[in-house]
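Okay, here we've got a single chain as structure tokens, the form predicted on its own, with questions on binding and movement later.
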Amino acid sequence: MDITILYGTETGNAEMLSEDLQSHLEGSHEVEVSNLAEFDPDGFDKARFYIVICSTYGDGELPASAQPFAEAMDARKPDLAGIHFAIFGMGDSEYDETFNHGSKRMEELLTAHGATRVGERLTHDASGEDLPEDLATDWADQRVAEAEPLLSAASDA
């Protein structure tokens, strides 16, 4: 399966996790990694599965590298029907009121334009005991397994 990992980051943690997931998934899939700041919302491909990794910044806003993507999505309003994605959020529960709002905002943005989320959004807590890569690899394996029949059925249609 062809997979694109898109990340939105403020400090580089989402980028590092994206690269870890790329290394994990590359043995059995073609995997590309792209910063949301450099990804064109018109560039989505129904034949690919998208894994989005997004942190949260400030008072629950999208991180700096995801903001140009969100602005372009709002301006262009692309039709993302047929696009499948999974989303992994990075945040810190020390900021209780805004914990993982960046990934929530990104999920809302994608689904508002017709994309379909595969599986539940997983949220990592930087104040917790788990490392993000410890949670993300099993989560990504499960999401990819769920997405494979969906993308296969779409390509057969």
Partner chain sequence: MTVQIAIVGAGPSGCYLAQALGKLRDDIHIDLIDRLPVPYGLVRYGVAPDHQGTKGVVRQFARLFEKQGVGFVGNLRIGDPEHDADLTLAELREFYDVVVLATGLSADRKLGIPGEELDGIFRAGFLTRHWNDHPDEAGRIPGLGRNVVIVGNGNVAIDILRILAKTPHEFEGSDLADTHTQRLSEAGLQTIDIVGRSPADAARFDPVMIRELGKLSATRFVVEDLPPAEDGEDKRLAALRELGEAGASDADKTVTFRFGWVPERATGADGTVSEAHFHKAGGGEELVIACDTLITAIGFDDDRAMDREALLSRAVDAEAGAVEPGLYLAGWFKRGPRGTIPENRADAQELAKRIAADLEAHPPAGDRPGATAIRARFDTVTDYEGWLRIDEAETADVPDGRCRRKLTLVEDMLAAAGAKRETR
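Numbering follows the first chain given and starts at 1. Predicted, not measured: the structure shown is a model, and the values here were computed from it.
Unshown form predicted in complex with the partner chain; subsequent notes refer to it.
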> Is the partner chain in the predicted complex near all of T9, D59 and S93, within 4.5 Å of a heavy atom of each?
Replying inline: yes
> Hey, in the predicted complex, is S127 touching the partner chain, heavy atoms inside 4.5 Å?
Replying inline: yes
> So in the predicted complex, does any heavy atom of N13 sit within 4.5 Å of the partner chain?
Replying inline: yes
> Closest heavy atom of P132 to the partner chain in the predicted complex, within 4.5 Å or not?
Replying inline: yes
> D42: heavy atom within 4.5 Å of the partner chain in the predicted complex?
Replying inline: no
> Which of S34, Q67, T98, T116 has a heavy atom within 4.5 Å of the partner chain in the predicted complex?
Replying inline: T98
>> Given the stretches 24-32, 43-51, 108-116, 59-67, which is the single one in contact with the partner chain in the predicted complex, using a heavy atom cutoff of 4.5 Å?
In response: 59-67
